[in-house]
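As a starting point, one isolated chain is supplied in structure tokens, in the form predicted on its own.
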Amino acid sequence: MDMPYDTQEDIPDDALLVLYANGDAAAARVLTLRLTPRVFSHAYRVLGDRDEAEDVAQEALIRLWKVAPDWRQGEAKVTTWLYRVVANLCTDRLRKARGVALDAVAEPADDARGPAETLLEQARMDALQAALGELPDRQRQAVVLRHIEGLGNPEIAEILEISVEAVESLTARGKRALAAALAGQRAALGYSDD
């Protein structure tokens, strides 16, 4: 029997996954609504293509549903496992696309902003996405997970299957490369030294 939707909001991800594996459709809905924005955002930041990111997010969640019956609570966090799957799927797609430029897709306009603010924000997002696209794959993934997704270095290390020190090195080098790539655009992007 499915639990009421509102009683599942505070249930941890791994418990929801086990409930889903036992036939609880409401648990699947809650977990999907909770995780989809995260995995899509991560895939979009790494790939720079909305359609590709949607495909990766969908594939990652399908893999999660397939592993649900065998999930053992307490061994790994669902989000860590899922970010690792997304990272691997993105790496596979990037390898296949070598030599082909990934088109940067504009973010949808926010109706609450004025046109000038929307254009400036879009220019900033495009500049960041272009700069991220110039980073080596591992640096890009580390920077996105740390500074855009807000994950901690130990969790990133687990996702990328590297040491915490390697994560720190990747993010530091990535941040320096981003700063250098964006330095000449500060004024055009509406930033001042004040």
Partner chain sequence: MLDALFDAAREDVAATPSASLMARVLEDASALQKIAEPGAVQGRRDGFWRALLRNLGGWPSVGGLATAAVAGLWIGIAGSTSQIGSTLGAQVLSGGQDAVLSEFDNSYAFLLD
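Predicted model, so just to flag it, every value in this text is computed and none were measured. Positions refer to the first chain, counted from 1.
Absent from the display: the form predicted together with its partner chain. The rest refers to it.
Contact annotation: Ser41 falls within 4.5 Å of its partner chain in the predicted bound form, judged by heavy atom distances. Among heavy atoms of Pro12, none comes within 4.5 Å of its partner chain in the predicted bound form. Within 4.5 Å of some heavy atom of its partner chain in the predicted bound form lies at least one heavy atom of Arg50.
At the 4.5 Å threshold, heavy atoms of Ala130 stay clear of its partner chain in the predicted bound form, well away from it.
When you look in the predicted bound form, the only residue of Asp137, Glu54, Glu161, Glu165 with a non-hydrogen atom within 4.5 Å of its partner chain is Glu54. Contacts to its partner chain in the predicted bound form (heavy atom within 4.5 Å) from stretch 50-73: Arg50, Glu54, Ala57, Gln58, Leu61, Ile62, Trp65, Lys66, Pro69.
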